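Below you'll find only one chain, the form predicted on its own, shown as structure tokens.
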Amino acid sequence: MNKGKKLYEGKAKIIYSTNDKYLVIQHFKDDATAFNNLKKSKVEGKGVLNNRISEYLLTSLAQSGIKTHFVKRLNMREQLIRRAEIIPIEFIVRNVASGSLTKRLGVAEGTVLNKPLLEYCLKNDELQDPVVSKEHIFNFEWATKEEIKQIDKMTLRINDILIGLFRGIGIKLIDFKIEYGKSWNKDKGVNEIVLADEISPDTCRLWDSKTEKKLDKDRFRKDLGNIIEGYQEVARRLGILPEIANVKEVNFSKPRSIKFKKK
């Protein structure tokens, strides 16, 4: 698979063309951003961790019947993914109150919600990704009623799968945001809705089940320090850190000393 020209560069990833018009290469950067890019920094090794964690989670979702854009990991920083026309909406699932929800509604952080709360935000940095309703989505034709119905069902299913997966390794899934796109299925000859985003500590709030220590990008947002260690801890619990840690290319700053038990 030949890597072609840069098609798009976002805050955390770069998309490159390939010699297959239905596939592109996604490169994970070390850039850390918050508050719609108002706060920026480089966190060495973050892109490597997000690439590997996202691969693991998207593969797990695919095994549970969720259609995703992920094809395979190419190297430490890049994935081969299906090309997709992105729907301009961020889909946010909240299981516990945190972040912007607490500021908008005055709900105490850590409040467990009675059931998962699904919110929609327009993807627009200049407008600071405003919350929108389904009526906005339909009125401005960002997606059809049938597409949103399908996506809502997929999103809540993804939430169920991830809650169980993270609970098994002692982590609470507080909330997460994902995006979807329409991708061409060559076998069926139709466009289909696919999960077209990473799932990583950049896009999820993840708290230790016992201590509620934050293991996600909130460590950067809130200046809690030890950002990379939080991401490493997630990878370690998922059982994928040993592979990363043995690669000389990765030089994490002041990594924790981790002992691995012999099986």
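For every residue, the number given is its place in the sequence shown, counted from 1. Bear in mind the structure is a predicted one, so any value in this text is a computation, not a measurement.
Same protein, other form: the form predicted in complex with ligand 5GP, not shown, and the subject of what follows.
Asks: Counting only heavy atoms and a 4.5 Å cutoff, which of 65-73, 222-230, 23-31, 198-206 contacts ligand 5GP in the model of the complex?
Replies: Looking at the other structure, the answer is 198-206.
Asks: So in the model of the complex, is ligand 5GP close enough to Ser98 to count as touching (4.5 Å, heavy atoms)?
Replies: Within the cut-off, so yes.
Asks: Although the partner isn't part of this model, could you tell me whether Arg94 comes within 4.5 Å of ligand 5GP in the model of the complex, counting any heavy atom of the residue?
Replies: Yes, Arg94 is a contact residue.
Asks: Even though ligand 5GP is not shown here, does Lys177 get within 4.5 Å of it in the model of the complex, heavy atoms only?
Replies: So Lys177 counts as contacting ligand 5GP.
Asks: Is there a non-hydrogen atom of Asp129 within 4.5 angstroms of a non-hydrogen atom of ligand 5GP in the model of the complex?
Replies: The answer is yes: Asp129 has a heavy atom within 4.5 Å of ligand 5GP.
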